[in-house]
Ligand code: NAP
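Shown below, as structure tokens, is a lone chain in the form predicted alone; questions about how it binds or moves come after it.
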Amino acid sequence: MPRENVPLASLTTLRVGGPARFVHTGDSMESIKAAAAHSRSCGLSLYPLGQGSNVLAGDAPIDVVILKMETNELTFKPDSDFVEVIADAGVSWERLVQECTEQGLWGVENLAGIPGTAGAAPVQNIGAYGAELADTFAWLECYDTATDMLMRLDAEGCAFGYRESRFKHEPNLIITRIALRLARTSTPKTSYADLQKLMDAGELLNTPQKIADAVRRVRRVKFPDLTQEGTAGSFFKNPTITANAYEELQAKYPALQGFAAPSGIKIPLAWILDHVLGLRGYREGRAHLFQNQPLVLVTENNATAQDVEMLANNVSEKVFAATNILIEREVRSLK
């Protein structure tokens, strides 16, 4: 039986949000289908949730059926120089990274320390420190609640982009498991500035496990302690602008870096927030930008979604006023 009127503050890492009408546990295909059937029978939307690490839930009661994914099988299938890693949607992403790196498998080590589940990773096409999920993605299975069918999709079928996929726009598709193709040998990705600093200091980052451990240490400095405060990690996307717009900004701010992207030049929003706007620690109510990394929004005890919205909206307005850039959120809203 589903639980009723469960506070979403208890199911999300931002620790804000009013009660969801129903919460189902998805620990099998049968329970997933049962939740979908219940949502249809009561005329409410079905919303899959892993660890709630990328969700901003509103303060008011939310008429929705939450499907809390808790399937947890993780298997490894060797194939010549590669290993196919198959993870149920409810598997902790950090567990997946840890078991893969312990076996010396390359491809997910730069994604260590990211909170969330395997099933949520494709939704966001998670990425960090020079890598993203799409780099090693093989396929996924998803349940289409509209057709009551299970289907398999490759990377093209998922329509991956920068923190983007079709699953953000098609709520009828519920990811049930994913598969990654990881290599037994590879070249380490250590060009990211923080990893390069460690290597310059003499640290040897030559195995997946060593890189994963280094990434975790870097993240511990740049992100708050989830046992003490709430956060969804990076709240905004790094914007991509035209080459002309970048030249204009760099003329004004010569130290602003830019990186070639498929649709223009990607710029680091954290640098804008810090060096242009001086927003480290900027606060609204019980929400603030993290002192060590202003791209990260932090909530304190008894914070509300309204606090988060006010802070995020004010930051967006300040960025636009200073740079003429409309920034986008990484975090998804649930109201």
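Everything numeric here is computed off the predicted structure, so don't read it as measured data. All residue numbers are counted from 1 along the displayed sequence.
Below, we refer to the form predicted together with this ligand, which is not included among the displayed structures.
Per the 4.5 Å heavy atom criterion, this ligand in the model of the complex is contacted by stretch 221-229, the sole one of 243-251, 221-229, 87-95, 150-158.
Of the candidates Y143, W139, Y162, W106, Y162 is the one whose heavy atoms come within 4.5 Å of this ligand in the model of the complex; the others do not. Screening A179, L205, L256, A128 for any heavy atom within 4.5 Å of this ligand in the model of the complex leaves a single hit, A128. Highlighted residues Q124, Y192 and P268: every one comes within 4.5 Å of this ligand in the model of the complex, counting any heavy atom. Interface membership of Q293, defined by any non-hydrogen atom within 4.5 Å of this ligand in the model of the complex, is confirmed. Contact annotation for S234: at least one heavy atom lies within 4.5 Å of this ligand in the model of the complex. Remark: T71 does not count among the residues lining this ligand in the model of the complex, judged by a heavy atom distance of 4.5 Å or less. Looking at Q209, you'd find every heavy atom of it more than 4.5 angstroms from this ligand in the model of the complex.
Contacts between 307-335 and this ligand, taken as any heavy atom within 4.5 Å in the model of the complex, involve only E330.
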